[in-house]
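In the block that follows, a single chain appears as C-alpha cells, in the form predicted on its own.
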C-alpha cells in the first residue's frame, strides 16, 4: 500500500493532559516503552516531518485501548501507534511471530494429533527449548487443542435443525472456539435456538488481531477484506447480523479493519455485534424471554476485557449474568490481565505481562469465586494460568443457567 503523507487521526486534538499515560498498563512496568502520549500524538507530529523519528519500542504497546478509553478528547491513540508500526517499522516478523500470528494455521496442523501436541508443549524440556530457540517464555502455559472442532460438530449435530427457524444470525465463531473451546460455540447455538434464532455459518477467516499485533499487515488486511466481503453478502443481501462470542474478534472486525488496516467496512460495521449485547437487547425489547433453572447457584466474578471496555459493551454481560436468580455477581476492578493475545507468550514481554495482571489476579484470589466470567479467550488463558480459577465465557454460563426447554417454549420454538 502507498505510504501516507498525512495522518488519518485527530491527533491534533490531544491536549497533552497525559491521562493516557497514567492509565497505560505498560508504562508502569516497562521503562523501554515511551508511553501512549509520546508514542501516539506527540510521535505522530514528528513522524509526519520525518519517518526516522519512528521508535521501534512502539512494539511494546499491547493495543489494549485503555489509553483511548481514558482520553477526554477522543484521540485514537493506539490506532496512531499501530498505524505508525505498519508504515515505518523495519522489523521483519520472525518465525515465532509468524507462528503465533497464524492461529488458524496452527490449529489446523495441531488438530489431528491434538493430544500429542498438548503433551509436547506442556513438557518442561520442550518449554525450555522453545524458551531458548524461539523466545517463547518457558513459564507460559499453552491452551489445549481439541481433536473435534466446533464446525464439525455443527455440521453433524446442528446444521439441519437451523432451517426450522424463521429468524437467523450469522455466527462468527473465531479460532479459539474452533480449535480450543468448541463448547463455547455449542453453547451459543443452544442458547440462540432456545430464544428462537437459527444459526448460520459463513466462510470466515481469522479476524486477524494476532497478525496486527505481530506485524503481518498484508496478511491481516487480506483477512479483513475477505471477512468484510463475506459479511456484506449476508448483511446487505439477507439482512442478518453477525454475532461473535469473543469481544476481541468483534472489536477487531468493527474498528481495527478501518482504523488500522484501511479496510472500509462502513456498510457492515454496525451489524457486527457480541452475543451478550444481541441477547440483552432482544430481552430488553420484550422480543425474547428467558427462563432460568431454579437450582442454578454460582458465585461469579466478572472481568471485563479491555477491548470490551473500549466497545462499552460490558454492561450487557453484567445485566445478563445478573438476571440469573441464583448468581452472586462481583464486578472486578478495571484492570488489564496483561495477556493481550500473543503478547504474553513472548519471552521479552512475559514478566511485564504478569506484572500488569497482578492486581487482577490478587483480587480474584481474595474473592475466591466459583469461577470467573469473561468474553475474551486470551484473558481466560492468562487468568486460569495465573490464578488457578476457571474462566467461562458468558454464553457458556447462560447455557448452563437457562432452562433451555422452558425458554424455547416461552419463545414459541417447537
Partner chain sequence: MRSDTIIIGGGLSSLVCGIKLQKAGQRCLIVSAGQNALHFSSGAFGLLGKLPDGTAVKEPMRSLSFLPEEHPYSKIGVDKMAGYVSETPAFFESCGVRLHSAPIAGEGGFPANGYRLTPLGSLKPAWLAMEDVTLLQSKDNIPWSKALIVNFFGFLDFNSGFIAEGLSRRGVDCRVETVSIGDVENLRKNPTEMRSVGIARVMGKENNWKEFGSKVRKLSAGEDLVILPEVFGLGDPVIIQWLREMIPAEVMFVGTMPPSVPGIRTQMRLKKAFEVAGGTFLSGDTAVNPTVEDGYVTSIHTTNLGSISLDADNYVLASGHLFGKGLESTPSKVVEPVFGLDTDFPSDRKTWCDEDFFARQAYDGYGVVCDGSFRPFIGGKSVRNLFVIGSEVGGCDSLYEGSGAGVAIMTAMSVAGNILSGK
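What you see is a predicted model, and the numbers here were worked out from it, not measured in a lab. Residue numbers count along the first chain shown, from 1.
Keep in mind the form predicted together with its partner chain is missing from the figure; the text below concerns it.
Using a 4.5 angstroms heavy atom cutoff to its partner chain in the predicted complex, all of 15, 27 and 277 count as contacting.
From the list 368-376, 342-350, 384-392, 28-36, the contact stretch for its partner chain in the predicted complex under a 4.5 Å heavy atom rule is 28-36. With the partner omitted here, the residue from 311, 263, 234, 298 that has a non-hydrogen atom within 4.5 angstroms of its partner chain in the predicted complex is 311. Site annotation in the predicted complex: the residue of 72, 112, 239, 125 reaching within 4.5 Å of its partner chain with a heavy atom is 72. Within this chain, residue 134 is remote from the site of its partner chain in the predicted complex, having no heavy atom within 4.5 Å.
Although the partner is absent here, residue 9 sits far enough away that none of its heavy atoms falls within 4.5 Å of its partner chain in the predicted complex. The shortest heavy atom separation between residue 281 and its partner chain in the predicted complex is within 4.5 Å.
Among residues of the shown chain, residue 140 is not one whose heavy atoms approach its partner chain to within 4.5 Å in the predicted complex. Looking at 142-156, no residue comes within 4.5 Å of its partner chain in the predicted complex, counting any heavy atom.
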